[in-house]
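One chain is shown next in C-alpha cells, namely the form predicted on its own.
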Amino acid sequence: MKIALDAVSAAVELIRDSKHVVAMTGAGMSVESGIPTFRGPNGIWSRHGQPSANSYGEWLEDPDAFWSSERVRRVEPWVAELREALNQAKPNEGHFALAQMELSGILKSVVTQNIDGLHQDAGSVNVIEIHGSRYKMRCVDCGDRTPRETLFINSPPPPCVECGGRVKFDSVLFGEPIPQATLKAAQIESDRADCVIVIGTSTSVKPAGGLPRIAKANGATLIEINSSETPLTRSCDVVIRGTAASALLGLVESLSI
C-alpha cells in the first residue's frame, strides 16, 4: 500500500509541535512480524472462533483444569497458532522505528495491547503492556510479576512468594480486569500526551481502546496509522493509510532521526 506523503508531512508537523508524544499500538503493529490479528477476515478468532467471554472466571473457578490442559498441551487451536507465531516472531521495521523515536527523545512511551514483547526486543524502554506479557507470570492477588521461564507449564505454579496468592500467566484473559498499576500507568501517559500515534488497533477493546479518546478530550492531537478505517478514524487529526512498518519508516525518515 502506497503511503500518502502529505499525510506523513502533516503527522511530522504535529509531532514536532508536541512535547509529550505517546504511541498506542495494537495487533496491526505486529502483523509484519508474522503475528496474525485476532479479528477481521484472516484473524485467528475469525477462523477458529472467539474464546469464552468469561475465561478469567472459568480460571478462577477451576485453575487445576486450566493447568491440566497446559500440561498435556490441549490448548485451543487459536492459542496454539498464536504461540507458534510468537515463537517465530522478530521485531519489524516499525518496532525499530518507534525505538529510534524514543531514543531521540521524540517519543516518550509506548502503550501496547500486544503481549509479544517485540517493542522491548527492538529497543524500546518505556513500554506499558496493558494486556500483559508472554514473558511474565503474575499473581492475581497482589500483582507481583515474575519471569515466565517456559512456554508450557509442567505443573501448577507455586503460590506467590510475596503474598501466597494465586499465580497465572501475565496475559490478560477475557473478563479479567487490567491490573490496577498497569492501567494507572497507561492513564497517566494518556493524560500527559499532547499527541498520540495510534497504530494498528481498531480501538474496540476497552479500556485500552478508550485511551486515545480520553487524550483527545484532554486536547491531544491524534495520528492514526492503520491499513483500514476504524471507529477512531473520524476523530483523528491525521490519518496515514498503510502498514505500521512502512508508515513509521516514513515518519522516521521525515523526522530526520
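Note that the structure is a prediction, hence the values are computed from the model and not measured. For every residue, the number given is its place in the sequence shown, counted from 1.
Another form, the form predicted together with ligand NAD, is not on view; read the next lines as being about it.
**Q** Using 4.5 Å between non-hydrogen atoms, is His131 touching ligand NAD in the model of the complex?
**A** It does: once ligand NAD is placed as it appears in the model of the complex, His131 has a heavy atom within 4.5 Å of it.
**Q** Even though the partner isn't displayed, in the model of the complex is Cys139 close enough to ligand NAD, meaning a heavy atom within 4.5 Å?
**A** No, Cys139 sits far enough from ligand NAD in the model of the complex that none of its heavy atoms falls within 4.5 Å.
**Q** Considering non-hydrogen atoms and a 4.5 Å limit, does ligand NAD approach Pro36 in the model of the complex?
**A** Yes.
**Q** Report whether the minimum heavy atom distance between Val22 and ligand NAD in the model of the complex is within 4.5 Å.
**A** Flag for Val22 set to no.
**Q** Given a 4.5 Å cut-off on heavy atoms, tell me which of 215 to 223, 27 to 35, 185 to 193, 62 to 70 is the interface stretch with ligand NAD in the model of the complex.
**A** Flagged stretch: 27 to 35.
**Q** What residues in 104 to 130 sit within 4.5 Å of ligand NAD in the model of the complex, counting heavy atoms only?
**A** In sequence order, Gln113, Asn114, Ile115, Asp116 come within 4.5 Å of the partner.
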